[in-house]
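Presented as structure tokens, the chain that follows is alone, the form predicted alone.
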């Protein structure tokens, strides 16, 4: 008789994503995408295209949002995200996210939403003043639904997104306490075991928590014009690296090993070589900024070259590449809806709203 097989333990889920606001840059790569590349081999990963959130500041530019959504998937694929391992998900085609956002909005005090430091920073950085729509602060509630719809254990994010994850953790715990009778002293890792619908997800910050932009002052950002994009050609990378300002006057002047240039060295030069460069730089040992910038650009271009080659497959003339991307999104979204609909049903049952289940298909 054949030996009985042992059922495989379900993979732990991971959820993260990006709002389609333009091409991805090196800050995205070291802050989150690197970790996604590793986690897609170990977990069931859902990578969300948050196109609904893009409307919070660009509601009048739907054509741009659609184009940026396609471009971000091309960036993901060029980095090595494998759609046979990970699910690429379109937010606007997962209706459970919007429904959960409504329910979660009842659990979060308004002042907690508005005190979120990421919200405040974005209002200032984008110059929104008091003119932002109501949907702008609401998107932080929507992010909780983005995450919890998939009941993940981990959320790979950049450092600036950690406050959003803290709000999500608050919502998950509050829901479990209010609707599932989970005791507020129950350890976070035991919420589901105690009857809660939602696990309390953990943020996973990338290898580099905050990569500065080439202006040497602010975090790398498309809107600030200080970004090196993953799709930049080699000469453009070198040109941008050359613009990093350090204030040094000569190769024999001791340099600040914490300045923006040396933060790039730490991020992209192998550790042993980076330590050597930093030691010489700190001592002013005949090591000019120009030499470092050339070596740095070579290292970054070596990182980006395979990405450029993969991206070229999706940038061929005609719509062939776009059609392939849309097929990838459709397949990933079909699996996403299976999970999110199950989550919504579990939440509705806990809230005594589970009158009957609905069917949902992805064409």
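Numbering follows the first chain given and starts at 1. Since we're looking at a predicted model, the values are computed, not measured.
The form predicted together with ligand TRP exists for this protein as well; it is not shown, and the discussion that follows is about that form.
Trainee: So if I measure heavy atom distances to ligand TRP in the predicted bound form, which of the stretches 170-178, 98-106, 138-146, 205-213 falls within 4.5 Å?
Mentor: Of the options, only 138-146 has residues within 4.5 Å of the partner.
Trainee: Quick one: does residue 296 come within 4.5 Å of ligand TRP in the predicted bound form, counting heavy atoms only?
Mentor: Looking in the predicted bound form, residue contacts with ligand TRP do not include residue 296, since no heavy atom lies within 4.5 Å.
Trainee: Does ligand TRP get within 4.5 angstroms of any non-hydrogen atom of residue 261 in the predicted bound form?
Mentor: No, residue 261 stays farther than 4.5 Å from ligand TRP in the predicted bound form.
Trainee: Quick one: is residue 18 in contact with ligand TRP in the predicted bound form, heavy atoms, 4.5 Å cut-off?
Mentor: Residue 18: yes, in contact with ligand TRP in the predicted bound form.
Trainee: Is there a heavy atom of residue 50 no more than 4.5 Å from a heavy atom of ligand TRP in the predicted bound form?
Mentor: Yes, contact at 4.5 Å.
Trainee: Ligand TRP isn't shown here, but in the predicted bound form which of 161, 221, 231, 92 has a heavy atom within 4.5 Å of it?
Mentor: When ligand TRP is considered in the predicted bound form, the option within 4.5 Å is 161.
Trainee: Ligand TRP isn't shown here, but in the predicted bound form which of 227, 241, 73, 155 has a heavy atom within 4.5 Å of it?
Mentor: Filtering the options by heavy-atom distance leaves 155.
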